[in-house]
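As structure tokens, one chain now follows by itself in the form predicted on its own.
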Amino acid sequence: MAEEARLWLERIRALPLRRRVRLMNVCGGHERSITMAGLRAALPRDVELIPGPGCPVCICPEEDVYEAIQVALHEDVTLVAFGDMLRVPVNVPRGEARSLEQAKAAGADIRPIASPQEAAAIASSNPGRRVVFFAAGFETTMAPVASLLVQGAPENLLMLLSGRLTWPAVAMLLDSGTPGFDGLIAPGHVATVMGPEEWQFVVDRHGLPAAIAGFTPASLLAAMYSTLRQLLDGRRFLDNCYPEVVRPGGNPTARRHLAEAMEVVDAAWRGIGVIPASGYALRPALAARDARRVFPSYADASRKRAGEMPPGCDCAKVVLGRIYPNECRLYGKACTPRTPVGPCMVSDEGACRIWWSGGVRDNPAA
């Protein structure tokens, strides 16, 4: 695998690039692989890699996290959520719980989990107690959640859903007229579930080269080579550089379960605003599973705004690829993994956390 990566890197270095080229890698997993393998330093100086909106924890709306905190504090439930979500901060007055972690410390029954199956197991082990699964994530997370519901989850398991689709955020950037990138490295795990066709719009509507990549340096470098070669040759197409996993049409069972359990709706993204047809909601037939319908509303309308990152936090610009993580005003100063201010420093898929873990300590914006 290392030899294959070296060969792709040599091919990239041999390309006669005539200008600076910016490639956006959408996925947080891609960003982690790129950073930990040191690919930015190995690539030619004219190839710039831009982290994109591929961190579900980072874009989970503040109002959804706030709602989960309130349900856990005020209802007689066990609330479960993926581990990263427990530390995501919201803006509340001093003295109130500003994260699920703090709500747990205040006495709420909140438990971190690693998979939807774990949520089902907790519900099965506590049949006399309602368990609320605060499910935040992209298509690769929503598919197993949908399968759990379709195939029969425990009766006492409710859903507080905060699911999102990946491609609409990229479409929004491209439709803005100033996307800030010349080619796209599309996420292989999303394409595995939904099919590579979901990314064809990048080529057809916007005339940009795109390639689907896996998570090894070799697969990522192959995708980078493909997009760069397309730019040089004047050709545009969607290249599948993860063929061992990504198949035309994706995973038909996963897609069928998603369609049966969920519908696509307009949805808010933290720090960005509402993106049309970018979210998942439970279908009306599953209303008895919907925590938002079962419990009194804990939604706070004042939180539904585009700029709800904490003061001074530039996570939204990082997510949109407008700035690099270490160009955030708080990076490495007020905001570190030990004391995160914004969600990009909380999650293992957040670009700020990844860069910090990769050893980046300088902050030119400080």
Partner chain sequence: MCLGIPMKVLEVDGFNARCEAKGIEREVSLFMLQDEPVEPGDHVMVHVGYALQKMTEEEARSAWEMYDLMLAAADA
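Numbering follows the first chain given and starts at 1. All values reported here derive from a predicted model rather than from experimental measurement.
Form predicted in complex with its partner chain: not shown, discussed below.
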Assert contact residue (its partner chain, in the predicted complex, non-hydrogen atom within 4.5 Å, options Pro310, Gly332, Gly29, Gly321) equals Gly29
So which of Asn91, Thr216, Gln200, Ser124 reaches within 4.5 angstroms of its partner chain in the predicted complex, heavy atom to heavy atom?
Thr216
Check all three, Pro56, Pro116 and Arg247, heavy atom within 4.5 Å of its partner chain in the predicted complex
yes
Trp167 versus its partner chain, in the predicted complex: is there a non-hydrogen atom within 4.5 Å?
no
So in the predicted complex, is its partner chain close enough to Ser33 to count as touching (4.5 Å, heavy atoms)?
yes
Is there a heavy atom of Thr178 lying 4.5 Å or less from a heavy atom of its partner chain in the predicted complex?
no
Are any of the heavy atoms in Tyr280 no more than 4.5 Å from a heavy atom of its partner chain in the predicted complex?
no
So which stretch, 262-270, 287-295, 248-256, 229-237, is the one near its partner chain in the predicted complex (non-hydrogen atoms, 4.5 Å)?
248-256
Can you tell me which bits of 179-214 touch its partner chain in the predicted complex, meaning any heavy atom within 4.5 Å?
His189, Thr192, Val193
